[in-house]
Each structure stands twice: as structure tokens, then as C-alpha cells.
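Next up is one chain by itself, shown in C-alpha cells, the form predicted alone.
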């Protein structure tokens, strides 16, 4: 058996709960969960002695960085392909559930006053509907005065889990979108202008009259952007809020999802918001630095146990307790130290 270094032995001594001193962990990836990770980082720093350095560079960047082992963990809204997880010796687990929402910039039109469907959104991003007073939009929004302003679609220019979620929804509800564009973290957009990150999309929509974009809900709520209603699978129009997010998440088939890659797109239920996603962490099963890997697990263990209120305040849905327990069990079973023993105990 390989000898463990003195420093590592001190860091691992006693069990999972006894890191010897304050320690910084580094992560990179999805912008979608960045607000809640920031809030957890601030709270956990004093409570657990772990300092989080998280860079919201997009899901694609996060996956690349953890595959290259340049960070302690990667973060992605799009689940990593099973073959990449296997070849990269990575464990994937979820942290919270969040929503993607359309935002619009139409002076005189109030938040959630406009009704949209997945089919209409797809038509806008396919360039088939170009004016806000298009007859299909007018028919859907009787009683709302829609201007003749040109529609200015905005999309994510970087590899993005938010884009994966949004395009997965459009692909699920509109065959024409699936055939022409499809679903991915990065797609070939047919119309519109790109911006980097949720904040970049929100800023560009805010600057352009007639703008429409898609962002993680926390960004829309925090900055007061006008969101829209969406028609769900049951045919009901719903507004984006914690209740509609929780309703949509309630039907998830966690037990049947390999690597926790459950789909929350267009779930059943009259009150369900149709564009939801679980966001993920990728953690090496054979970490270069066992103490850092242990600290990552300790951080997310703290977040599961103590971070629900912060998640809810930021408009995310906490994971069910059964899923949290399953993740802890997978840490114990699959993340090993240099001596082959579990780090999480």
C-alpha cells in the first residue's frame, strides 16, 4: 500500500468532517447555478472553513477543465456524455434544480403579460416570425397591444448548459426545430445575435427594443427583466415562479436516470413550468489531490444540509432528500484516495 504524505494524512485524519484547516477549492463551468454557488460559498466559508473559487465560464468550459484536471470540479447544466464520464474517470451528481425562462424587452408590456408556446418560440428563433404584431402572436395574446417592432432574438454565444436546456425544450415540442437545429450546448443559430453568459444575454435584450432571449430565472428575477407565460404539456399557461418550478420537478424519474441525468423538460401537470433542468458537478474518481476532493464533497454536503433556504430565495428548487442521500452514497462508493479507500466516510 502506498504511503500517504504527512500533509494529506493530516487533512484526511479522523474522517470526512475534520479538515485540519481552511482550504480553497476551485471549480468552473455553468453560469446557470452561479448565483446559488456564490451564496453557498459565502455562507460555507465561515461555517465549514472551505473557500470556494468558482468561475462561471459556461458548461462546455467546465467540462473541458475537469477533463484536463485544471480545477477540483467541473460544473455543467448539460449532463456529460456517459463515455466521457467513463474515460475521464468522473462521477457526476446533481446540486439543485433551476428554470430557464424567456425574457423580452417590449416597452408598455408588463412582466408575464405575454403568452408564448414552445412552437412560437421555435418559430421566432427559426426566423419564421419576425414582428411582435405577427398574427400568430396577436391571436395568442388577445387583449395585449403588441407593437410592430421587429423581434430581435438573442442567444448564448458560448458553449452553454442553458442553451442545452432551452434547445432541448424546443426540440421536444417542435419537430421543425429538432430537424433544423437540434439540441446541444452550442448550436448553429439561424437568426439573432449572440452574447456570452446569462448576464450577457440579459444585457443585450435589455439594450434592444423588441429583444427576446432565454436566461436562468435567477438572473431575470434579480434584475427585474420581463418574463413571459408559457404553455405547458397539459395545455395550461403558467408563469415562472417557485411553485411552477417545484410542480415540474415533482415528476422526475430519478431512479431511472443513469449518472443522475434526469430530464425535467416538459413534465406533466397543470401547474408545471416546462423548461427545467438539474445542474451537475463532475468530480474525479481518482483525484490528483485527495484533500481537495474531500473538501469539495464536504462543501456540497454542507450545501445539501444547510443551503436549501438560500437556494429557494434565489428561485432554485432543492433536491429531494432521497437524491441527496443517494449522492452521498455514491461519493463513498466511487471517490477513492491514494490508498484505494473511500474519502467520504
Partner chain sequence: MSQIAVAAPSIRPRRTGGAFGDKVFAAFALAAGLLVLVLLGAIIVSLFIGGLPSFRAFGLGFLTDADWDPVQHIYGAAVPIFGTLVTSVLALAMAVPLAFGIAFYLTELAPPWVRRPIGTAIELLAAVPSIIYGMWGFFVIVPAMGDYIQPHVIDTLDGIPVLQDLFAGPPFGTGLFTASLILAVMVIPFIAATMRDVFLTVPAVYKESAYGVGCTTWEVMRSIVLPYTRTSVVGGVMLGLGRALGETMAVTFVIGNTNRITANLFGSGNTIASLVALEFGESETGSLKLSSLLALGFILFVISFIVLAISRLLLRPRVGGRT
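Residue numbers count along the first chain shown, from 1. If you're wondering where the values come from, they're calculated on a predicted model, not measured in any experiment. Between two forms, the rigid core is the largest collection of C-alphas that superpose within 1.5 Å.
What comes next is about the form predicted in complex with the partner chain, which is not displayed.
Student: The partner chain is absent from this chain, but in the model of the complex, do 305, 310 and 314 each have a non-hydrogen atom within 4.5 Å of it?
Tutor: No, the whole trio is out of contact, none within 4.5 Å by any heavy atom.
Student: Any chance residue 128 has a heavy atom within 4.5 Å of the partner chain in the model of the complex?
Tutor: Residue-level check for residue 128: no, no contact with the partner chain.
Student: Taking the shortest heavy atom distance, is residue 63 within 4.5 Å of the partner chain in the model of the complex?
Tutor: The answer is yes: residue 63 has a heavy atom within 4.5 Å of the partner chain.
Student: Check residue 160 for me: does it contact the partner chain in the model of the complex (non-hydrogen atoms, 4.5 angstroms)?
Tutor: The answer is yes: residue 160 has a heavy atom within 4.5 Å of the partner chain.
Student: Can you tell me whether residue 237 touches the partner chain? I mean in the model of the complex, with a 4.5 angstroms heavy atom cut-off.
Tutor: Although the partner chain is absent here, residue 237 would stay clear of it in the model of the complex, with no heavy atoms inside 4.5 Å.
Student: Can you pick the one in 271, 84, 136, 231 that has a heavy atom within 4.5 Å of the partner chain in the model of the complex?
Tutor: Checking each option against the partner chain in the model of the complex, the one that comes within 4.5 Å is 84.
Student: From the list 176, 109, 208, 221, which entry has a heavy atom within 4.5 Å of the partner chain in the model of the complex?
Tutor: Partner contact (heavy atom, 4.5 Å) among the options: 208.
Student: Want to guess which of 240-248, 258-266, 151-159, 89-97 is within 4.5 Å of the partner chain in the model of the complex, heavy atoms only?
Tutor: Result for this chain: 151-159.
Student: Mind listing which residues of 132-148 have a heavy atom within 4.5 Å of the partner chain in the model of the complex?
Tutor: If the 4.5 Å heavy-atom criterion is applied to the partner chain in the model of the complex, 132-148 yields nothing.
Student: Superpose on the rigid core, then tell me if the C-alpha of residue 75 is displaced by 2 angstroms or more between the shown form and the other one.
Tutor: Comparing the forms between the shown form and the other one, which are aligned on their rigid core, residue 75 does shift its C-alpha by 2 Å or more.
Student: If the two forms are fitted on the core, does residue 318 show a Cα displacement reaching 2 angstroms between the shown form and the other one?
Tutor: Comparing forms between the shown form and the other one, the residue 318 CA shifts below 2 Å.
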